[in-house]
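The chain that follows stands alone, in the form predicted alone, written as structure tokens.
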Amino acid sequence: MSRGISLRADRAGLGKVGAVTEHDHYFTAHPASAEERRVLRVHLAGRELEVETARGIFSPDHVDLGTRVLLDHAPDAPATGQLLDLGCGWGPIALALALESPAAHVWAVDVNERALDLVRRNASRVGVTNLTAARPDEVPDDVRFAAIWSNPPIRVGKDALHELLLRWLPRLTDGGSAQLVVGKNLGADSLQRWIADQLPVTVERTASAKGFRVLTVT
């Protein structure tokens, strides 16, 4: 992976690993690979849905295992307020949040323009109207989040990942919480300690399944 690419992605707000070609990563703003769009049937928010995906984004063929662990084990999202899916890809977390909390407003944030277009299309497909897909810098600075849910980009490297978390976690409201899913073998326990050392928060491991930890930040 290009360290320069990963740092630029995270300075914009996020970035994940998932090389499509040597020079075309899914955290690239404008993937060069052919889209090859396709329709998937997925289970989200207790219902079967058809969604659109494409090459050049994170996990285009299925709901990623870490994401599934997060959706299955995180507590219910707040019913109201501003909710954030950080690193949304084609939108499984954002769509689930929007469907389960129709009175809340969900921000689906990514640097990948193809992913953001897919989230908008998928929101329309499933009838979601309480969702905004946006690049990191398009989220107004005064927006604070009652919940942040994320399958964060562990593989971009510690410096870039830490920069990402230090940008977004302080934007939780008083009483808000973040739900992060991290692979046990990708440093979940060390990340838990680092967050607790760097920010005035409590970090707890609230679930563990299929090689992943769910960390709750309050």
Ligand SMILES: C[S@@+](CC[C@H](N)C(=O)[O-])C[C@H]1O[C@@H](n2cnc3c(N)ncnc32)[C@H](O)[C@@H]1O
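Since we're looking at a predicted model, the values are computed, not measured. One-based numbering along the sequence shown.
Beyond the structure shown, there is the form predicted together with this ligand, which is absent from this document and is the topic of what follows.
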Answer range among 73-81, 117-125, 140-148, 90-98 for contact with this ligand, defined in the predicted complex as heavy atoms within 4.5 Å: 90-98
Proximity of Leu131 to this ligand in the predicted complex, heavy atoms at 4.5 Å: no
Non-hydrogen atom contact Gln179 with this ligand in the predicted complex at 4.5 angstroms: no
Close approach of Thr53 to this ligand in the predicted complex, 4.5 Å, heavy atom: no
This ligand contact at Val156 in the predicted complex, heavy atom, 4.5 Å: yes
Sequence-ordered list of residues in 43-57 near this ligand in the predicted complex, where near means a heavy atom within 4.5 Å: none
